[in-house]
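First, one chain by itself in C-alpha cells, the form predicted alone.
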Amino acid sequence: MVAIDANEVSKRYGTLQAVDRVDLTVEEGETFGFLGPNGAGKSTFINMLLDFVKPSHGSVSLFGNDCQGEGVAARSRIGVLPEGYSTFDRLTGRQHVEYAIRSKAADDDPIDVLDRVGIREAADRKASGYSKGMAQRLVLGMALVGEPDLLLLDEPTTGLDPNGAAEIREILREENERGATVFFSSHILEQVEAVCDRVAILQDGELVALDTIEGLRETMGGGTKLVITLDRLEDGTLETIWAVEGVDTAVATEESTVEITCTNDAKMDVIVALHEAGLDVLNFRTEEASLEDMFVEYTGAGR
C-alpha cells in the first residue's frame, strides 16, 4: 500500500514557487529520506501533508486519504515531529506524553516512552528547563505514542550530540522493523545514508532526484570519488578538472587536496589534465561516492 502519494503538487506564495509540481510516492514500510538545501521546499511539502498549508495545485494523500479533504482520517495513523514546534513551558515531560496518549486514545506508559527517548530522569521537570536536545527527544517521544503507521519527522536530530543522533537512528530502525513507514527530512547526510531505503532531493521546489542511494551512484556514471593531493592549488585548478569530460563535481577540501566525483573512465583523464597544467600529483585514491557527494552534484553546490 502507498503511505504517501503526491500528485503534481505545487505551492506558491505570491511570486515565490516554494514547491513545484512534485510527484512522489512512498511505499508502506519504507524509510525515506527527504533532502535539500535550506529553502528548497522540504518543510512546505511536509506542511501540506499535515494540512498546515494548502497546495496551490495538485494533491497529497496519506494511506489513500486526501490530506485536505479527509484530513482527520489522513492524520489518524501518523506521528509527527514538526519544524518549529514549541513545548508547553508549564507542563512536565510526563504531562506532555500523557497529553499525546489521550489525544491518540493510546495506552502507552508515559515513563516507558520517556525512557525510550532518553529523558526518563527529567519526567517531572517542567519543559521550560529542557535543553533544545531534550525538547527534541520529548517531541519525538510524543510522535511515537500509539505505534503510528507513519512517522513524519522534520530534522529529527536537531540539537542532539553525535551519541544522541545515533540513538535516534536506532529508534527509527526499530520503528521501521515494527512495520512503520518513516519519512524524514535532514541536512545531516550521513544519518540519511545510514538508515534510508530511498531518498529524494529537492532543489528550488523541484524534485531533482529520487532513487536508492546505489541507484543515484549508478546515475552518476558509477559514482567514483577521486581524492587527489597536489603540490599546490592554483586559481584555475578546479576549472581544469571541470573541463574533463565525465567529471561531475570538484571541490577543494584542504590546502592542496581536491575531491572529485566522476565516471570511472575519467579518472586518468583528470590526472593527465592536471599534469598538462603543470601540477604534480603527490597522491591519489578512489572511493565510492557518498550521499554527500551526490547531494553536491544534484544541487549544484560543487561549482
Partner chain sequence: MSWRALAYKDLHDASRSRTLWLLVALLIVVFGGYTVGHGYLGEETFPAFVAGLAGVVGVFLPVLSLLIGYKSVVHERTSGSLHLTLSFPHSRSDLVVGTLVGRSLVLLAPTLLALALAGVGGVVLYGTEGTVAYPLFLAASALYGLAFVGVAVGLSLSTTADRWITFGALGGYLLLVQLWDNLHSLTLLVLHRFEFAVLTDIPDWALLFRLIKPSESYYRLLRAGFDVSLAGRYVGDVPVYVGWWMALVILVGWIAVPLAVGYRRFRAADL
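Everything quoted here is computed from the prediction, not taken from an experiment. Residue numbers count along the first chain shown, from 1.
The next section is about a form of this same protein that is not shown, the form predicted together with the partner chain.
Is H96 one of the residues lying within 4.5 Å of the partner chain in the predicted bound form, judged by heavy atom distances?
Flag for H96 set to yes.
Please determine whether I119 contacts the partner chain in the predicted bound form, using a 4.5 Å cut-off between heavy atoms.
I119: no, not in contact with the partner chain in the predicted bound form.
Report whether the minimum heavy atom distance between K225 and the partner chain in the predicted bound form is within 4.5 Å.
So K225 does not count as contacting the partner chain.
T229 near the partner chain in the predicted bound form, any heavy atom under 4.5 Å?
No, no contact at 4.5 Å.
What is the one choice in V192, I168, L114, V139 with a heavy atom within 4.5 Å of the partner chain in the predicted bound form?
Looking at V192, I168, L114, V139 one by one, just V139 meets the 4.5 Å heavy-atom criterion.
Only one of L216, I201, L172, V80 comes within 4.5 Å of the partner chain in the predicted bound form by heavy atoms, so just point that one out.
Answer to the contact question: V80.
Within 4.5 Å, heavy atoms only, one stretch in 177 to 185, 68 to 76, 158 to 166, 206 to 214 touches the partner chain in the predicted bound form. Which?
Going through the listed ranges, the match is 68 to 76.
In sequence order, which positions of 38 to 70 have a non-hydrogen atom within 4.5 Å of the partner chain in the predicted bound form?
In sequence order, N47, D51, F52, V53, K54 come within 4.5 Å of the partner.
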